[in-house]
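Next up: a single chain in structure tokens, the form predicted on its own.
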């Protein structure tokens, strides 16, 4: 196994709120009508969480919180940390506690792990594909509603960077803004008079002519939208280090290396969060004495 540098953990309120909503969705008004009749209230059990395929790990806080929500005294033993890689068949955690709680929280815990590990694993593949270039891989706002903070955390676990979190923390002027405002000059002149001194301004461009125009204004970054490789390379030369450069639009694992070789600083990939495949993991029952 290998690990990234220390990753800032998710805020507790974000984790607890997400788990609470997920458990409420699963338990509804009647609770677990399968487990409760079968398992005595005082029964105790032990289980292991196993990944069935190679993975970059993300989401252990959420899994642990799901079990603790139903059994505050459950023992959750992490055998890896978020940001680490694990081979197929690796046991990443063990849990001991009330059997009802373990069985009821199982799907919620695995859903979070499957989603976030899937994002982290896909991100790690993109990061590996651009190794040796200056380009960094970043996510977008194409996230699952309500889960953005969690999914962007998973991107960090995969070695990627976070783009803006929402409409509130950075300015990104897109083609529709420019069209609605009546042109680049109108849009940027209005922006600069309102944006605070701590707010970064990025402008999306589709052509080299647009790029040359926006470089006349005090902006921080430019996004090259759906440009082909030769145009991207020329655009990087036109920018000439005056602003941060970002490429976006239809990026895949097959094309990302060629995009990186144009010299762009960032490559934003919506697929990291809108199209990851969930990681295959399972909760496997163990003899209670195996954790003692």
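Positions refer to the first chain, counted from 1. Since we're looking at a predicted model, the values are computed, not measured.
Missing here is the form predicted in complex with a further copy of the same chain; even so, the following discussion is about that form.
- Taking non-hydrogen atoms only, residue 217 never approaches a further copy of the same chain to within 4.5 angstroms in the model of the complex.
- Heavy atoms of residue 187 reach within 4.5 Å of a further copy of the same chain in the model of the complex, making it an interface residue.
- Contact check for residue 142: a non-hydrogen atom falls within 4.5 Å of a further copy of the same chain in the model of the complex.
- Taking the partner from elsewhere, residue 96 is found to have every heavy atom lying beyond 4.5 Å of a further copy of the same chain in the model of the complex.
- With the partner removed from view, the residue among 130, 86, 147, 74 that has a non-hydrogen atom within 4.5 Å of a further copy of the same chain in the model of the complex turns out to be 147.
- Comment: a further copy of the same chain is not present in this chain, but in the model of the complex one of 208, 125, 79, 161 has a heavy atom within 4.5 Å of it, namely 161.
- Residues 13, 14, 17, 21, 22, 24, 25, 26, 27, 28, 29, 30, 31, 32, 33, 34, 35, 36, 37, 38, 39, 40 of 12-40 are found to place at least one heavy atom within 4.5 Å of a further copy of the same chain in the model of the complex.
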